[in-house]
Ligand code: ADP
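To begin, one chain is listed below as C-alpha cells, in the form predicted on its own.
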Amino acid sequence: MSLTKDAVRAALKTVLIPSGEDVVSSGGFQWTAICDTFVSVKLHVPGIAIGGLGAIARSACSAITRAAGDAGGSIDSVIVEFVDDHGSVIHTVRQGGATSASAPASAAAPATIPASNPAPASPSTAGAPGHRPIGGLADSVPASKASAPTPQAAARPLAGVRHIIAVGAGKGGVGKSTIAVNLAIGLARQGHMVGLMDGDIYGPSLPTLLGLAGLDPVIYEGKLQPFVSHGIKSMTIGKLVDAEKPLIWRGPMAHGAFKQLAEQTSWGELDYLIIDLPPGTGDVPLTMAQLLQLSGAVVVCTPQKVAQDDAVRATRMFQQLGITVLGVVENMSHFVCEHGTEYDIFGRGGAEMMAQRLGVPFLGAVPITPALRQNSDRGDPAANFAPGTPLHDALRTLVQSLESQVALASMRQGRARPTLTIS
C-alpha cells in the first residue's frame, strides 16, 4: 500500500500554525505531489518568520513520514515549500535520507535551504550569495536574507507584451528550440498574437527552424523590424551576423546582444513573447531575469537521467531568479516510426517523474518522428500541426496546458483576476 494525496492532506491536519488552526483548515495547504518515495508539499502561511516556517515544515515532515508508515510504505524525501501571496517560493525545507515505518521521525534531520537567494548583480560576481564553491570554502547565505528580492523584483514589463515566457534547458541537444518554435506556432493557431525571440546568442536556430534564409533584416526608425512567417513575429541574432561566423563573446557582449534583441525590436502588440534561451545556467538567463518581467518559464527535458540532472538545475535556477516555473516538457518522449510503431528509446516518462518530484507542473510529452525532423530542417513548423499526425495531439495538449498554467500564474502574481461569465 502506498501513500496517497488524501493521506498527506489528512496528515497535515495535525500540523498546527501559530493561530491555533491546523495548516489545512486555515487554507494554507496549496497542493502536494507524490512520485514513488518522494513527496512535495506547498504551503502558504503568511506573517511568520523563517524560523517559524522551519518549525512548521519539520512538523509536516514528521506527519507525512508517520502517514507513510501507517500506509505500510516508506519515503526517501519530503520537500516542503512555502510561498508568498503571489505564489513565489520564499523558503524550502527538505527532509532527505531514507525513512521507514520503523524509523523515528527524527531519523533524518531536515535541512533548511533558502529558496530565494539574491542573484549576482552582474555576470562577473562569481562569489555572490547563491553560489557555494567546494564545501567549506565559503559561507552559506544567512537565513535572514532568504527572502531578499530576486532579479525579477526590479525587472520591467515589455511595452505592448502581455506575457513573456522563457524556454530553457539545463543542457543542449534536448530540443529546446524545437519546443519553443512549436509553442509559438501553436499559440498563434489558438488566435494569439505571438512573438518568438532567439535568445540563444551562441547557437541561434530560428533561421533554419522558421525558414528565414531568404529574408534580410530591416531597421526602421531606429528599431529592428521582426520577421513575419508562419503567423508569428520573430527576431534572431542568426540573421544579424554571418551565418558561419562563430560568436566568441564574453558575458558582457552576450548581455548587450540580448538586451538589443529584446528592447530594440519593434514587437508591437503581443499576447505572448516566447524566448528561446541558450542551454545552461549562465549569463543570458541572468540578464533576462534582470531585464524583463516574465510570466514564467518552461523547462525542456528528455526522459533519460543525464538530461534530468541538468533540467533540475535549470528549474532551480529559474526559481532562484524569482521566475515561476510553468512546467516541464518531456521532448523526444518516444520515437514513432513512419509505420506508427512506437519505441521508447530514452525511457518514456522520466521527465514527468522529475516534474512530480520537484513539485512543478508537467505540461506534456512530445514524440520524435521523421516528419518532425523533416519539417524542422525545411523551416515549416506549421506542418507539425497537421490533423491525424502523431504530433498534432501532443502539441495541442502542450499548448493548452501552457495557456492554463500562464493564466494561473498571472492570478497568483496579481496580474490578472478570474472572470465569471453567465449565459
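Bear in mind the structure is a predicted one, so any value in this text is a computation, not a measurement. So that there is no doubt, residue numbering starts at 1 and follows the sequence shown.
The protein also exists as the form predicted together with this ligand; that form is not presented, and the subsequent description refers to it.
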Margin query: To verify the annotation, which of these, 347, 172, 73, 149, has a non-hydrogen atom within 4.5 Å of this ligand in the predicted bound form?
Written below: 172
Next item on the list: Consider the chain as shown here, without its partner, and state which of 361, 364, 379, 367 has a heavy atom within 4.5 Å of this ligand in the predicted bound form.
Entry: 367
Next item on the list: Name the stretch, out of 330-338, 226-234, 315-323, 291-299, where some heavy atom lies within 4.5 Å of this ligand in the predicted bound form.
Entry: 330-338
Next item on the list: With heavy atoms only and a cut-off of 4.5 Å, decide whether residue 177 touches this ligand in the predicted bound form.
Entry: yes
Notebook entry, point to check: Would residue 372 count as touching this ligand in the predicted bound form under a 4.5 Å heavy atom rule?
Noted result: yes
Check: Which of the residues spanning 288-326 lie within 4.5 Å of this ligand in the predicted bound form, based on heavy atoms?
Finding: none
